[in-house]
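The structure tokens that follow cover one protein chain in two forms, given apart as structure 1 and structure 2.
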Structure 1
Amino acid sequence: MKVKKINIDTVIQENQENLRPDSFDNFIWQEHIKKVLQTAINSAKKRKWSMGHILLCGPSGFGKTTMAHIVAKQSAVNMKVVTGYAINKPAEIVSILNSLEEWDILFIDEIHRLKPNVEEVLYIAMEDFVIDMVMPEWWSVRIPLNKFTLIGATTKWEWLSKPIKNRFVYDFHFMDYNDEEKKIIIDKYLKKYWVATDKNVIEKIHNKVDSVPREIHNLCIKIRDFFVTEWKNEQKFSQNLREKFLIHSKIDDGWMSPIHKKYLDILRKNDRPMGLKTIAIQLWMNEKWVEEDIEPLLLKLGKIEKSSQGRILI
């Protein structure tokens, strides 16, 4: 039996695309969401009607966009994708709604970024599948729309107005991934990138990354790049390569990077509660960046606490 020699460069290039899960079976965990959505899809097909509107909530990187693409594929309908901050005027959302074919899905990412006057047009369209146009003579005309399903994705559920929240039939919140699910995702991506490894290596590396699918994928890309560069005579990502990789990438438990460690060092050296502004100055960073990109992981890992006096070490 002949064994085909594999060119690692070719294999990796061929497998860099299509890593996004394309079915509910390939989407790891979020079982409740997948089950309810599959029921909604089956119902829509049997009724030959549009699904109820869907709101996907959760932190960035948890697969909200991926889930929307899966819903569209499983429903066998087209999906138009727009971003909330890109729609500035009511006329723009009217144009988008008018362009939808029967049963299409409109996916609005960062839907919380919609302006109030745009929201008003949208939630009327969601409920009645119509838009009200005010003519120059100050009389209005009601224009019917094709039946469609709106899927909104947001990291700021609380920013959405109550009227638009109420128009969503399905309101899902993505949950954290546990250790076992993280290991499954790591194993899946490494196999996609043709990086062979052992279970014990995955066992010892899963705690080096946050429980966010996108961050897990980013870790696997770093492993792939390191492996391609360093693999030489090694046929797999071994325990030895793992140790070298962690030193090379400066990754600590929980996905803490050097900037997270510097944040903790600032608190440790001052040995007192510190305000966000003071910490940001010492990090040479914008306060918003520190609060939105640095602190969430430290809070999640239980390294810091926000008090009325300021940030403190735990």
Structure 2
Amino acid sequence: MKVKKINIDTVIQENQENLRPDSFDNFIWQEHIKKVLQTAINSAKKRKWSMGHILLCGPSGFGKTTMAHIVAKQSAVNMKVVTGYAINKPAEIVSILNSLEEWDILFIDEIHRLKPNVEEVLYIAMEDFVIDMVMPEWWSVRIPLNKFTLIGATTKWEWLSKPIKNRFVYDFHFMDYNDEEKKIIIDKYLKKYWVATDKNVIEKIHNKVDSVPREIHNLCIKIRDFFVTEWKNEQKFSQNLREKFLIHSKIDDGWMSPIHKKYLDILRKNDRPMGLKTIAIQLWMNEKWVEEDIEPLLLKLGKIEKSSQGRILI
């Protein structure tokens, strides 16, 4: 890695920047998805029409939201962001759809959590860009909508109903990130944060984190914080600093953070299967975070198992 001449002010200033990759080039991996989306964007621009609706499926932290932001930016349109569980009534989705300007993108995160009666409003809106309003005397009025593109993101593709799945023109499943992509992401973020380092340090640090871009990014933020704080005469995140950093952040070889260890301690102390809700309460965390951000690594490492009675230590 090329070492730039830097000073502490530059490091601090760079850190205030928008942190998400803002172009397909800066988004590492998922080449097939990027290629097809770029074609869809180009086509929409040429046709002067909205893009087909897009469904992004994959684990939490794999870049679905980031990808949606990039699509909006490349298409030069506005994007409204909502979360599936926050829309409770059909009237709420109607009001969101009505507020969209021509060609806007509506991004619904966790789309699998939409209620069936809310989802039904989307069917006709996605297909014909209209909504049907039922009036008190049981007659209905059809209201036209501006042309929009719906981007849905889900960690639970299997929970989506067939009618909603069918209305997405593009249905993308994010691929796993391997060691090579992991190293590229670390390298990119450390450069972005002006943390100069060597290839062999990246080689030694990449196995300290799970292959999830959000986790990788978080590791780089921790390295940046450590580097900025430890900043003296050292211009580089060296092997020596790397070792100090690992001790300081309590990161061990199994990629587990203190919260993963706390999760395992809770199961160990109880010595019986435990429900997600009980574990989440003891961790002071929301069930969704535990299920999507803590458990995948423990399952991957073979530390726990999900059974019909609850979570079990292996």
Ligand code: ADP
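Throughout, rigid core stands for the largest set of C-alpha atoms superposing within 1.5 Å between the two forms. Sequence positions of structure 1, starting at 1, serve as the residue numbers. Values in this document were obtained by computation on a predicted structure and should not be read as measured data.
- Two forms of the same chain are shown on their own. Structure 1 is the form predicted alone.
- Treated as two rigid parts, the chain shows its smaller part rotated by 32° relative to the larger one between structure 1 and structure 2, based on C-alpha superpositions.
- Superposing the rigid core and comparing between structure 1 and structure 2 gives a CA shift of 6.7 Å at K306.
- The two forms line up on their rigid core, and N270 then has its Cα shifted by 12.8 Å between structure 1 and structure 2.
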